[in-house]
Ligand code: HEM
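Given as structure tokens, the chain that follows is alone and in the form predicted alone.
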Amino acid sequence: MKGIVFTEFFQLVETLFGTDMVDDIIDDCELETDGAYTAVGTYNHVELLHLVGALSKHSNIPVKDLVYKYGHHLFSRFSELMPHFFEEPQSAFEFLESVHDTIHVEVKKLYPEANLPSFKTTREDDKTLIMVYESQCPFADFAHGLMAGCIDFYKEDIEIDSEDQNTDEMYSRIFTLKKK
């Protein structure tokens, strides 16, 4: 997992809970990195799971809710940090349809070792987009938060329903996005 995911997570924790909380969750976890990340480094996704678990314990907020909130937050940060990805898409559906074949391709050029999830999209009609998330990492709630952040960015009224389709080898969730 790219380091920007970790560094931005710490920024969000600091904003919402203060710097002491960042120190507390790092202290609670046995991390190979000791909690030291750079935005361009690559790190084991398990460390993020441990950090979120520790934050859940300290904040009494369920992990699922924290991961969703973080995904939502990170989308807005991506729009600030990487505005070139937001130049062409004119809607949430257009942006989400570009993730796998455009954005992830560009990320892989910069970071060939990046282990990115797969997103397959299908437009059922003008008001419905089906998005299938597949990954070896359990971050479907994070993806859900990113999608919600995208919808807010484009100021659209879209409802997201989802259904897990996990297997022993793969985490998978089918998201159905419907314009209201």
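We number the residues from 1 along the sequence you see. Since this is a predicted model, take the numbers as computed values, not measurements.
Although not depicted, the form predicted in complex with this ligand is the subject of the following passage.
- Looking at residue 142, you'd find a heavy atom of it within 4.5 angstroms of this ligand in the model of the complex.
- Heavy atoms of residue 137 reach within 4.5 Å of this ligand in the model of the complex, making it an interface residue.
- Within this chain, residue 1 lines the site of this ligand in the model of the complex, having a heavy atom no more than 4.5 Å away.
- In the model of the complex, at least one heavy atom of residue 133 sits within 4.5 Å of this ligand.
- Proximity of 55, 68 and 70 to this ligand in the model of the complex is absent: no residue of the three has a non-hydrogen atom within 4.5 angstroms.
- Proximity to this ligand in the model of the complex, taken as a non-hydrogen atom within 4.5 angstroms, holds for one residue of 49, 31, 61, 116, which is 116.
- In the model of the complex, 95, 96, 99, 103, 104, 107 are the residues of 90 to 107 with at least one heavy atom within 4.5 Å of this ligand, listed from first to last.
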